[in-house]
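The chain that follows stands alone, in the form predicted alone, written as C-alpha coordinates.
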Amino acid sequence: MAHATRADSPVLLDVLQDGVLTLTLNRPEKLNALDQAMIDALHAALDYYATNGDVRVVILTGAGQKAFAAGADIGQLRDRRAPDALRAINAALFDRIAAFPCPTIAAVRGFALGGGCELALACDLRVCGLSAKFGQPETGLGILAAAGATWRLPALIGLGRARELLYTGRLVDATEAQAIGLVNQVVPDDELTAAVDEMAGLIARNDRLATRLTKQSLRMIEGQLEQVRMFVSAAQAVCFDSPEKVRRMDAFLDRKKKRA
(Lines give C-alpha, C1' and ligand atoms only; values in the text may rest on other atoms or scores of the structure.)
Protein backbone atom coordinates (compact mmCIF):
# COMPACT_ATOMS: atom_id res chain seq x y z
CA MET A 1 0.00 0.00 0.00
CA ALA A 2 1.28 3.48 -0.84
CA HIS A 3 0.54 4.79 2.63
CA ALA A 4 2.51 2.05 4.39
CA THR A 5 6.16 2.61 5.18
CA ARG A 6 8.96 0.31 6.29
CA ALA A 7 12.56 1.09 7.11
CA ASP A 8 13.69 -0.74 3.95
CA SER A 9 11.16 0.93 1.62
CA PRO A 10 12.67 2.89 -1.29
CA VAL A 11 10.52 5.86 -0.24
CA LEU A 12 9.61 6.62 3.37
CA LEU A 13 6.38 8.45 4.15
CA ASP A 14 5.77 10.73 7.11
CA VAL A 15 2.00 10.75 6.88
CA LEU A 16 0.22 14.06 7.17
CA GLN A 17 1.32 16.19 10.04
CA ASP A 18 -1.01 19.22 9.92
CA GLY A 19 -1.61 18.69 6.22
CA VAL A 20 2.09 18.25 5.38
CA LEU A 21 3.21 14.99 3.75
CA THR A 22 6.94 14.13 3.65
CA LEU A 23 8.37 11.69 1.11
CA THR A 24 11.97 10.62 1.80
CA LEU A 25 14.12 8.98 -0.87
CA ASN A 26 15.62 6.04 1.01
CA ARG A 27 18.78 4.67 -0.60
CA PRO A 28 21.39 6.51 1.49
CA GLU A 29 24.03 3.83 0.77
CA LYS A 30 23.65 4.72 -2.95
CA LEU A 31 23.33 8.48 -2.31
CA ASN A 32 19.59 8.07 -2.97
CA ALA A 33 20.17 7.37 -6.67
CA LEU A 34 16.88 7.04 -8.49
CA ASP A 35 16.32 3.42 -9.50
CA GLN A 36 13.17 1.81 -10.87
CA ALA A 37 11.95 0.67 -7.45
CA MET A 38 12.15 4.22 -6.11
CA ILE A 39 10.39 5.62 -9.18
CA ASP A 40 7.62 3.04 -8.79
CA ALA A 41 7.26 3.86 -5.09
CA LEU A 42 6.97 7.58 -5.81
CA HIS A 43 4.29 6.89 -8.44
CA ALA A 44 2.40 4.79 -5.89
CA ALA A 45 2.56 7.57 -3.31
CA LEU A 46 1.33 10.14 -5.83
CA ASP A 47 -1.51 7.81 -6.87
CA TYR A 48 -2.61 7.39 -3.27
CA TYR A 49 -2.35 10.98 -2.09
CA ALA A 50 -3.36 12.99 -5.18
CA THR A 51 -7.02 12.89 -4.20
CA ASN A 52 -6.49 13.15 -0.44
CA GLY A 53 -8.07 16.41 0.60
CA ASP A 54 -6.02 16.54 3.81
CA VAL A 55 -2.76 17.03 1.88
CA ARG A 56 -1.84 20.70 1.65
CA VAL A 57 1.94 20.54 1.09
CA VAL A 58 4.33 17.77 0.04
CA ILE A 59 8.00 17.80 1.10
CA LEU A 60 10.52 15.68 -0.82
CA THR A 61 13.89 14.98 0.77
CA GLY A 62 16.67 12.40 0.86
CA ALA A 63 17.75 10.02 3.60
CA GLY A 64 21.14 10.60 5.21
CA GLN A 65 23.37 13.65 5.13
CA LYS A 66 25.26 13.20 1.84
CA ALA A 67 22.62 13.54 -0.87
CA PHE A 68 19.12 14.56 -1.82
CA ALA A 69 19.56 12.34 -4.87
CA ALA A 70 22.87 11.91 -6.67
CA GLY A 71 21.15 11.23 -9.98
CA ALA A 72 19.67 8.27 -11.77
CA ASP A 73 21.13 4.84 -11.06
CA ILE A 74 23.87 4.68 -13.72
CA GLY A 75 23.90 0.88 -13.66
CA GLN A 76 20.28 0.86 -14.80
CA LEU A 77 20.63 3.90 -17.04
CA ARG A 78 23.51 2.31 -18.95
CA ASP A 79 21.25 -0.53 -20.11
CA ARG A 80 18.36 1.66 -21.27
CA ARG A 81 17.84 2.02 -25.00
CA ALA A 82 15.80 4.20 -27.36
CA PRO A 83 12.36 2.76 -26.41
CA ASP A 84 13.12 3.55 -22.74
CA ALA A 85 13.97 7.14 -23.65
CA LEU A 86 10.68 7.49 -25.52
CA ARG A 87 8.85 6.22 -22.43
CA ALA A 88 10.41 9.18 -20.54
CA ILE A 89 10.67 7.13 -17.35
CA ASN A 90 12.02 9.87 -15.08
CA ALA A 91 10.43 12.78 -16.93
CA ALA A 92 6.96 11.25 -16.59
CA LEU A 93 7.40 10.99 -12.82
CA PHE A 94 8.76 14.52 -12.49
CA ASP A 95 5.91 15.88 -14.61
CA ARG A 96 3.48 14.26 -12.17
CA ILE A 97 5.26 15.92 -9.25
CA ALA A 98 5.18 19.29 -11.03
CA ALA A 99 1.46 18.83 -11.67
CA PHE A 100 0.61 17.54 -8.18
CA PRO A 101 -2.44 19.49 -6.98
CA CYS A 102 -0.81 21.10 -3.93
CA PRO A 103 2.55 22.88 -3.55
CA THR A 104 5.71 20.79 -3.24
CA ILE A 105 9.01 21.64 -1.54
CA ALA A 106 12.40 20.00 -2.15
CA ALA A 107 14.53 19.90 1.02
CA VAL A 108 18.09 19.40 -0.20
CA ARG A 109 21.24 18.35 1.64
CA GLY A 110 24.35 17.29 -0.22
CA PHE A 111 24.24 16.27 -3.85
CA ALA A 112 21.30 16.95 -6.16
CA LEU A 113 22.77 15.86 -9.48
CA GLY A 114 21.34 14.79 -12.82
CA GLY A 115 17.92 13.31 -12.22
CA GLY A 116 18.17 14.36 -8.59
CA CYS A 117 18.54 17.99 -9.62
CA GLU A 118 15.67 17.58 -12.08
CA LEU A 119 13.52 16.15 -9.29
CA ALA A 120 14.25 19.26 -7.21
CA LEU A 121 13.44 21.45 -10.23
CA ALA A 122 10.07 19.71 -10.57
CA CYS A 123 9.11 20.88 -7.08
CA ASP A 124 7.49 24.28 -6.64
CA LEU A 125 10.05 25.46 -4.08
CA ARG A 126 13.58 24.47 -3.07
CA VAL A 127 15.19 24.96 0.35
CA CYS A 128 18.73 23.69 0.84
CA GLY A 129 21.44 23.28 3.42
CA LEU A 130 24.88 24.79 2.97
CA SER A 131 26.20 21.37 1.91
CA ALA A 132 23.95 21.29 -1.17
CA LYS A 133 25.49 20.94 -4.63
CA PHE A 134 23.40 21.05 -7.79
CA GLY A 135 24.42 19.99 -11.29
CA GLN A 136 23.45 18.43 -14.61
CA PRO A 137 26.45 16.28 -15.65
CA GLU A 138 24.55 14.26 -18.29
CA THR A 139 26.48 15.36 -21.38
CA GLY A 140 29.65 13.97 -19.81
CA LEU A 141 27.88 10.60 -19.74
CA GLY A 142 26.79 10.80 -23.35
CA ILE A 143 23.13 11.68 -22.76
CA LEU A 144 20.84 14.69 -22.31
CA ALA A 145 19.33 16.12 -19.15
CA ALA A 146 16.00 14.89 -20.50
CA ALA A 147 13.82 14.80 -17.40
CA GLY A 148 13.06 18.50 -17.12
CA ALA A 149 16.28 20.51 -16.84
CA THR A 150 16.17 21.73 -20.45
CA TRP A 151 12.85 23.48 -19.84
CA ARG A 152 12.61 24.02 -16.08
CA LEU A 153 16.14 25.31 -15.52
CA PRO A 154 15.84 28.20 -18.03
CA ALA A 155 12.52 29.19 -16.46
CA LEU A 156 14.22 29.48 -13.07
CA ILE A 157 17.64 30.96 -13.79
CA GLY A 158 17.43 32.32 -17.35
CA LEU A 159 18.50 30.82 -20.65
CA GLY A 160 22.10 32.04 -20.54
CA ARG A 161 22.92 30.51 -17.15
CA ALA A 162 20.98 27.36 -18.00
CA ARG A 163 23.04 26.92 -21.15
CA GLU A 164 26.26 27.23 -19.17
CA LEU A 165 25.25 24.64 -16.57
CA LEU A 166 23.85 22.19 -19.10
CA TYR A 167 26.80 22.47 -21.48
CA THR A 168 29.56 22.32 -18.87
CA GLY A 169 28.00 20.06 -16.27
CA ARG A 170 29.71 22.03 -13.51
CA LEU A 171 28.38 21.91 -9.97
CA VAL A 172 26.74 24.86 -8.22
CA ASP A 173 27.04 25.23 -4.46
CA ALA A 174 24.27 26.46 -2.18
CA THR A 175 25.38 30.08 -2.13
CA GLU A 176 25.55 30.35 -5.92
CA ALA A 177 22.29 28.44 -6.27
CA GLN A 178 20.50 31.06 -4.21
CA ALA A 179 22.21 33.93 -6.03
CA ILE A 180 21.05 32.73 -9.45
CA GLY A 181 17.51 31.87 -8.33
CA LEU A 182 17.84 28.10 -8.35
CA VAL A 183 16.79 27.82 -4.70
CA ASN A 184 14.47 29.88 -2.54
CA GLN A 185 16.33 29.65 0.76
CA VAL A 186 19.67 28.46 2.15
CA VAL A 187 20.21 27.52 5.79
CA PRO A 188 22.80 25.56 7.79
CA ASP A 189 22.26 21.83 7.33
CA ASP A 190 21.14 21.30 10.91
CA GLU A 191 18.42 23.93 10.45
CA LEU A 192 17.05 22.55 7.17
CA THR A 193 14.21 20.49 8.61
CA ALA A 194 12.98 23.37 10.76
CA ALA A 195 13.18 25.85 7.86
CA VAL A 196 11.24 23.58 5.51
CA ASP A 197 8.65 22.82 8.18
CA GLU A 198 8.17 26.54 8.75
CA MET A 199 7.69 27.21 5.02
CA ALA A 200 5.30 24.27 4.69
CA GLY A 201 3.35 25.50 7.70
CA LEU A 202 2.94 28.97 6.20
CA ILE A 203 1.50 27.40 3.06
CA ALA A 204 -0.66 24.84 4.86
CA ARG A 205 -2.43 27.43 7.00
CA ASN A 206 -3.79 29.22 3.91
CA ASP A 207 -7.01 28.28 2.16
CA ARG A 208 -6.57 24.90 0.47
CA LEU A 209 -8.69 25.64 -2.62
CA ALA A 210 -7.18 29.08 -3.21
CA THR A 211 -3.66 27.67 -2.91
CA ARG A 212 -4.34 24.83 -5.35
CA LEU A 213 -5.95 27.18 -7.87
CA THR A 214 -2.97 29.52 -7.54
CA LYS A 215 -0.67 26.62 -8.40
CA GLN A 216 -2.79 25.70 -11.41
CA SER A 217 -2.75 29.32 -12.59
CA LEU A 218 1.04 29.43 -12.42
CA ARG A 219 1.33 26.12 -14.25
CA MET A 220 -0.48 27.58 -17.26
CA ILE A 221 2.79 29.36 -18.05
CA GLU A 222 4.27 25.94 -18.83
CA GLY A 223 1.57 25.05 -21.33
CA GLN A 224 3.73 25.74 -24.39
CA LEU A 225 6.47 23.30 -23.44
CA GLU A 226 5.01 20.08 -24.84
CA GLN A 227 7.00 20.40 -28.07
CA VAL A 228 10.20 20.76 -26.05
CA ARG A 229 9.38 17.62 -24.08
CA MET A 230 8.71 15.65 -27.26
CA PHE A 231 11.98 16.76 -28.86
CA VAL A 232 14.02 15.99 -25.75
CA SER A 233 12.61 12.44 -25.53
CA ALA A 234 13.44 11.83 -29.20
CA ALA A 235 16.95 13.28 -28.75
CA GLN A 236 17.51 11.12 -25.69
CA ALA A 237 16.47 8.05 -27.70
CA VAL A 238 19.29 8.80 -30.15
CA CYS A 239 21.79 9.16 -27.29
CA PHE A 240 20.61 6.00 -25.53
CA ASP A 241 21.53 3.92 -28.60
CA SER A 242 24.93 5.59 -29.00
CA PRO A 243 28.07 3.48 -28.34
CA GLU A 244 29.63 6.58 -26.77
CA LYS A 245 26.94 6.60 -24.09
CA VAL A 246 27.81 3.02 -23.15
CA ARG A 247 31.55 3.77 -23.16
CA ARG A 248 31.17 6.82 -20.94
CA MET A 249 28.86 5.09 -18.47
CA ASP A 250 31.16 2.07 -18.30
CA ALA A 251 34.03 4.42 -17.48
CA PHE A 252 31.93 6.10 -14.78
CA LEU A 253 31.01 2.74 -13.22
CA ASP A 254 34.65 1.60 -13.36
CA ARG A 255 35.81 4.75 -11.55
CA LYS A 256 33.10 4.25 -8.96
CA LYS A 257 34.15 0.63 -8.41
CA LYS A 258 37.79 1.63 -7.90
CA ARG A 259 36.79 4.24 -5.28
CA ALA A 260 34.69 1.72 -3.33
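Counting begins at 1, following the sequence as shown. The shown structure was predicted, so the numbers you read here are calculated from the model rather than taken from an experiment.
One more form of this protein, predicted together with a small molecule, exists but is not displayed; see below.
Interface residue among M199, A41, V55, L31, judged by heavy atoms within 4.5 Å of the small molecule in the predicted bound form: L31.
Taking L93, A174, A122, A72 one by one, only a single residue has any non-hydrogen atom within 4.5 Å of the small molecule in the predicted bound form, and it is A72. Residues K66, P137 and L141 are all found to lie within 4.5 Å of the small molecule in the predicted bound form, as judged by heavy atom distances. In the predicted bound form, no heavy atom of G148 sits within 4.5 Å of the small molecule. In the predicted bound form, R255 approaches the small molecule with a heavy atom inside 4.5 Å. Within this chain, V183 is remote from the site of the small molecule in the predicted bound form, having no heavy atom within 4.5 Å.
None of the heavy atoms of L153 is located within 4.5 Å of the small molecule in the predicted bound form. Residues with any non-hydrogen atom within 4.5 angstroms of the small molecule in the predicted bound form fall in just one of 191-199, 209-217, 56-64, 22-30: 22-30.
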